[in-house]
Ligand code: HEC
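Take a look at this single chain in structure tokens; it is the form predicted on its own.
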């Protein structure tokens, strides 16, 4: 931070110095591109939306544009509650949010290395079972039945689950369970999360955060597989 501040001071000093002993040098105008405009997102979400070391700020890169757009609208309209995001997006028009979503969806930096988790073999096995098979005795479908066999999501509105920290996954499942995060009805995530126990949440978060990246990390095309039930954020064709 100090180095960046010194660079800014040097840049300001140079821009104010006389040019050829006469006219002050004018600073260059910032490029009018979406890449330049979303620089405000990088301190929390990383360059190109690739994520940072902070476990509570998710990776945006490569997620379906429809999903990202839904989340931006949810923050803008107050369905999701996080004051910095609510404030930043409050006065941005829907078309602009859609352009932001398209930009981040088109970025494909490598997924981070799998996390090293401190969980017992029993917890990891429970997580694997819930993610890949579900628990139909407790009305819990497999995560992979909606988020895809490779857990990379599906266009236009289902996100991938890889490259996220266990803390973030746990926090979001908790938000779904307690109704502080909601989606368009039928709110399938809230329904599913409502059947999870605290132990289930910890197991799913630990297992997902430890999974390696697949060879192809892009979301599946819309309609690549059938969902187990209707979900408002993933329109039918």
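Keep in mind the model is a prediction, meaning the values are calculated, not measured. Numbering follows the first chain given and starts at 1.
Not on display, but discussed next: the form predicted in complex with ligand HEC.
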Residue 117 versus ligand HEC, in the predicted complex: is there a non-hydrogen atom within 4.5 Å?
no
Whether residue 209 contacts ligand HEC in the predicted complex should be assessed with a 4.5 Å heavy atom distance threshold; does it?
no
Verify the contact flag for residue 48: yes if a non-hydrogen atom of it lies within 4.5 Å of a non-hydrogen atom of ligand HEC in the predicted complex, no if not.
no
I'd like to know if residue 81 sits close to ligand HEC in the predicted complex, meaning any non-hydrogen atom pair within 4.5 angstroms.
yes
Counting only heavy atoms and a 4.5 Å cut-off, does ligand HEC in the predicted complex sit next to every one of 128, 136 and 203?
no
Between 42-78 and ligand HEC in the predicted complex, list the residues on our side with a heavy atom within 4.5 Å.
44, 45, 56, 57, 58, 59, 60, 63, 67, 68, 70, 71, 72, 75
